[in-house]
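In structure tokens, one chain follows: the form predicted on its own.
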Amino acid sequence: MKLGLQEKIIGSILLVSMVVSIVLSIVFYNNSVEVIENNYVSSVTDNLTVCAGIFDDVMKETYYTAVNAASNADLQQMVREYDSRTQTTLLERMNSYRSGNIESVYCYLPGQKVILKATPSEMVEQECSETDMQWLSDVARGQENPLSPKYHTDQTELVKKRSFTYTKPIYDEAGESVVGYIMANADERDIFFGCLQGYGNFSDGRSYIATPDGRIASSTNLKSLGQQAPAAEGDVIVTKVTAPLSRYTLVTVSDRSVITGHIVETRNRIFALALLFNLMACIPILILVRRMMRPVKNLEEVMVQVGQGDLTVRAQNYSEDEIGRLSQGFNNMIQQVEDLIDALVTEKLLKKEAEIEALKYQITPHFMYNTLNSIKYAAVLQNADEIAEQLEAFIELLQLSASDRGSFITVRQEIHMVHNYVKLQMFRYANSFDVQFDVSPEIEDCYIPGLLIQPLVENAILHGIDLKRSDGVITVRVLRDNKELAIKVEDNGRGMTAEDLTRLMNGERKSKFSGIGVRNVRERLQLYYGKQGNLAFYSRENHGTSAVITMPVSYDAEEYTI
């Protein structure tokens, strides 16, 4: 189905409107999602920063507990002199350091292969197996960063508990060898409830604490404790904050769809509203487009009428905008077409008149051929050979003129006709003048309008040279200059004044035998060649006259035929 301009405009407006609505909705949606996500990340980062501070505070408390206990001189002396008598006193002293977030304090004596424990439920001495000894030695080595706690699973307890531990050594009196280790422990569950659960409401996100080497140290999922933290999968937002003291990382992983889900619903509502508004806009758009299309419709109707041949109609000019200027331009174009048609008709009429004039000038009724031939044969019988020769030239001149009827002929044919005309005139005036021809062979096949040179030669004979003298010379030259053909008819006669030249160009000077003359030649040049055809006269009194015709070179008889 072919759509008209009106339908295309309406469709284009609705399409652009829909595209703009969709693009704006997408942009606003993306911006809203970005703002919400940034706000969420900022909020979660703030919460995680608070939790990281709490975590570091607990770790700082644990660290100072281990340092203070290991630095206490009485406790050091009891560790160095440990036996069954000092056991109770040492445990009580260790238990005195257990406060706040410190869940337990251990004293590991590698020499006695025992570990003393001060916990919320008991204060006890416990012998260490080889496995316990190996585990305790590993915990006692501590971390590369002394401020970062050791995260481990307590192997000495029946119920495996995970703890954050700081370990400090106690040396002998010489300060050369380690006699024991003080271990301050913070329970993982206490940390979870004190940090993540107590302050970690992160919009349903999955939160955990990770060790510096990437293992999960504390989380809701107890099965994941101690395992390497998994890489984020799916469309999630991962927020991380690293505790500055302990270098442990607090992480929250949230599903993006949960955070931005309500924005998707808002976007869909915007799309639906945009579609509804665009459909409602169809009515005012249709009204406006129809009003805008009114001058176009008028112009279309006028064009149809012009196409059917009515050049009198004109388009109405509704406004001064582009369509108004288009209507005015179309009206101007129709007026020009009408003027051109009138000019073409006039030109054809003028051509016909010129051809009729040429026919009148040629005086070639066919019935005269037989009469002239009869006279010629009579002259031959009377032995008047010169008269017979002149009649022969005249008959040939008439035949050539009649056969072409003013159409295009070759230069050769035109020069031959002029030869015959000159022969008749020289017989009439007793050879009192001479006519010379200068025509290049390559020009002889060029086409020119018939009877173009002969009127100029006739004008030179009758009005140029002095027939009473015998030194009159007329020269006919046909020259080619690139794409231009020049025909010159020159005489050495008495010349003309400026007034004579004006009358000649206006066609006022004619011979008594000429009905076409110079004016006819000039008009035919303009008809056939327009501005490319020209006839000019150059003359001074007592210095002769020169007539010059210029026209395009043509080797095609039909090229300039009207």
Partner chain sequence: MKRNVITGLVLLLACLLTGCGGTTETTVEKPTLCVVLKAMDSVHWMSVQDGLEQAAQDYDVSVNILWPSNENDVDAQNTILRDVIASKPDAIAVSPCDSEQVDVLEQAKDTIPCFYIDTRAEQFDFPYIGADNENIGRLAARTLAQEVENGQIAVIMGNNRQSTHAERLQGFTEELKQYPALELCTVRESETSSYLESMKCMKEILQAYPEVKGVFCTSALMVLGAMEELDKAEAVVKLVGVDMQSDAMSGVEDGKILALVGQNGYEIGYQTIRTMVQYLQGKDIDHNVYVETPVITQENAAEYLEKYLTERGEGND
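Numbering follows the first chain given and starts at 1. Every value quoted in this text rests on a predicted model; they were computed, and no experiment measured them.
FYI, the form predicted together with the partner chain isn't displayed, but the following is about it.
Only one of 175, 234, 309, 441 comes within 4.5 Å of the partner chain in the predicted complex through a heavy atom, and that residue is 234. Distance criterion of 4.5 Å from any heavy atom to the partner chain in the predicted complex singles out 242 from the list 317, 432, 242, 331. Partner contact region in the predicted complex: 244-252, out of 244-252, 454-462, 475-483, 105-113, criterion any non-hydrogen atom within 4.5 Å of the partner chain. Interface residue remark: residue 26 is counted as part of the site for the partner chain in the predicted complex, having a heavy atom within 4.5 Å. When contacts are judged by a 4.5 Å heavy atom cut-off, residue 67 counts as touching the partner chain in the predicted complex. A residue is said to contact a partner when one of its heavy atoms sits within 4.5 Å of a partner heavy atom; residue 522 fails this definition for the partner chain in the predicted complex, lying far away.
By the criterion of a heavy atom within 4.5 Å, residue 284 is excluded from the residues contacting the partner chain in the predicted complex.
Taking the partner chain as positioned in the predicted complex, the residues of 50-72 that bring a heavy atom within 4.5 Å of it are, in sequence order, 56, 60, 63, 64, 67, 68, 71.
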